[in-house]
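The chain below stands alone and is given in structure tokens; this is the form predicted alone.
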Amino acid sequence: MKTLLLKKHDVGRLISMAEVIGAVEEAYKAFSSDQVEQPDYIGIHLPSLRGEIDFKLGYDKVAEIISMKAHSGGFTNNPVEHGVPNSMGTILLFDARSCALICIMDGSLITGLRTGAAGAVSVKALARKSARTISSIGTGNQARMQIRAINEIMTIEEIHAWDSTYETSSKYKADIEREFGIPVTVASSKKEAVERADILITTTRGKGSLVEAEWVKPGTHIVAIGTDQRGKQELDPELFRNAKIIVDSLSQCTEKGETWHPLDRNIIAKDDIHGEIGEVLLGRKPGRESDDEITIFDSTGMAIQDNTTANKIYQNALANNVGTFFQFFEE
């Protein structure tokens, strides 16, 4: 059996955002149907404030595919000192029937794609059907990816954006308006952006000031992306008191997601969490039940999302004869 090598430029042309959204929906349904084995991911913080690297492992029992992703971030000196990006990802795919390595692919794009798709899946399941206005707290790469994904499943009429620096917000405005033709208003304050939102996206990596509960209007759907480990936080825990809380993984979100904070302060109990997004997609739990509900989707990111997305890319590569095969294991 030969192993397929897919480089970054291969990965980018082998999958559409619509296909990623489908793969992420498939991942959530499989996870909530006990068709997934997914150990806790391992994170290593490197010394001298260099950055961190995470390892995520997942097994899709239906597809018989095992994936392992290594993803690093925060290495700001990499381009100058080492001639490599400050964030990198690599994904290995194994055929679970033999555990043979069938594919090595660049994983840098996949993390961004599947995280963007996660927001879109939650919007489709939980946002008001009349929602047209998005507010983005944070204007980096993932904020752009959220718009690319959500634009696939709804009509966005306007975007309000806020970031800690005006320069990054202004660049986001120029980029989004050029790519999509959607008008973007750079908000003068975080409060101003939040108050305008039908859908609120937070992608700040959980290191800044919080979105206050009193700013959020009834009917808002919140896509909380930036908190994936202890020490990160984007939302006022009081927001959770009267919201419908949906998580990607109950075990992850209660231990290291945004949901951990209101749990830790006894604002909510675990029984107050409505359920996993996979349960909503499967029809086991209701989604939005009124136009006044505030819904929160706590997305910590899961290995099975990488698994189903990478497998779709692998299958597309085989079908289109893309990539390079090499003999990794001798018989």
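Predicted model only: the values in this text are computed from it and were never measured. Rigid core: the largest C-alpha set superposing within 1.5 Å between the two forms. Start at 1 and count along the sequence shown; that's the residue number.
Although not depicted, the form predicted in complex with another copy of the chain is the subject of the following passage.
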- Based on heavy atom distances of at most 4.5 Å to another copy of the chain in the model of the complex, which listed stretch, 280 to 288, 266 to 274, 34 to 42, 295 to 303, is the contact stretch? 34 to 42
- If you check in the model of the complex, do A131, I147 and I176 all have a non-hydrogen atom within 4.5 Å of another copy of the chain? no
- Query: Do S72 and another copy of the chain come within 4.5 Å of each other in the model of the complex, heavy atoms counted?
  - Reply: yes
- Touches another copy of the chain in the model of the complex: I153 (any heavy atom, 4.5 Å): no
- Is I104 close enough to another copy of the chain in the model of the complex to count, meaning some heavy atom within 4.5 Å? yes
- Query: Using 4.5 Å between non-hydrogen atoms, is G140 touching another copy of the chain in the model of the complex?
  - Reply: no
- Since exactly one of N78, S170, T254, S164 fits, which has a heavy atom within 4.5 Å of another copy of the chain in the model of the complex? N78
- Item | Members of 227 to 242 lying within 4.5 angstroms of another copy of the chain, judged by heavy atom, in the model of the complex | none
- Query: For R284, is the CA shift between this form and the one not shown at least 2 Å following rigid-core superposition?
  - Reply: no
- Query: Core aligned, does the CA of H45 move at least 2 Å between this form and the one not shown?
  - Reply: yes
- Item | Large Cα move at D60 between this form and the one not shown, threshold 2 Å, rigid core | no
